[in-house]
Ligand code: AHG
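In structure tokens, one chain follows: the form predicted alone.
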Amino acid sequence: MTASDTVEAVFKAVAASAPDVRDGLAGRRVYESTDNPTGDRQLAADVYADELLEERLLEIKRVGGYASEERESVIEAEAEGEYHVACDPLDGSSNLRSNNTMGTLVGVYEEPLPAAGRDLVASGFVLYGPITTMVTAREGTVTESVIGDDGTRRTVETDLTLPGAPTVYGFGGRVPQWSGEFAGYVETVAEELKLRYGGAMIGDVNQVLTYGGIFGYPGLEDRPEGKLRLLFEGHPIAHIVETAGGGSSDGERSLLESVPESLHERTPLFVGNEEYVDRLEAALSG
């Protein structure tokens, strides 16, 4: 099995699992008695999606390890493999109770986890919206597909790129906790773009991929390290957006230049059209 075959097998397994994850949401809207390793409350749906993906991804030849937001440590495959998969099994699961957008996020690394952003060989996400779609990035190309009820993919866009005339923005975190520099930046962006923020990163990033613009979750006064996880969210989303012709940043540099010191390390995250990412970095540095 070649590297390309391994990546395709990962994407195929994630797509095949999507209908099962989606069908399992309705009966798993209650919180578990425990939190995940970084202190977020776990829904039964988080645990279900995590266990399903772990089982199916570790069955793939040459996949040597699986890590997720819901796990304290990396789960090693029985057979050694040189590729390692990081997952956010159910991004935006807090939206489940209000029946809003959620997704599944995956990154395929060629080094053991935690690994650098430049060790990513492929990334992708599933979006559970009115229809189920999948966006993947590998070998310099971003592809969008629709996932059918049987878990198969039908390609609808073979070379997805960010629109050149951006129209939307969305930023997370409580406004009183924003820094003055970031709040000033948002004021200028709000004069140019339309607000679109749904509280699930994958849904908000997909808005940017579709319409152009910028999404971000900054470091806050009470949480300067940010909310989102570098390995499970920052790297894969940055890889997708940069491959689609956009930019990413932690406020200072590309997220793909960041090397996590721990599995669940958090980061500020900004992705979108390069113009807006560059202006963000300039605003925060001033």
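The first residue of the shown sequence is 1; numbering continues from there. Source: prediction; values computed, not measured.
The same protein also has a form predicted together with the named molecule, omitted here; what follows describes it.
- Only one listed stretch (252-260, 56-64, 239-247, 213-221) carries heavy atoms within 4.5 Å of the named molecule in the predicted complex, and that stretch is 213-221.
- Among residues of the shown chain, Ala45 is not one whose heavy atoms approach the named molecule to within 4.5 Å in the predicted complex.
- Residue contact check for Pro166: none of its heavy atoms lie within 4.5 Å of the named molecule in the predicted complex.
- Taking the partner from elsewhere, Ser93 is found to have a heavy atom lying within 4.5 Å of the named molecule in the predicted complex.
- The named molecule is not drawn, but in the predicted complex it has a heavy atom within 4.5 Å of Gly199.
- Along 60-86, a non-hydrogen atom within 4.5 Å of the named molecule in the predicted complex is carried only by Glu69.
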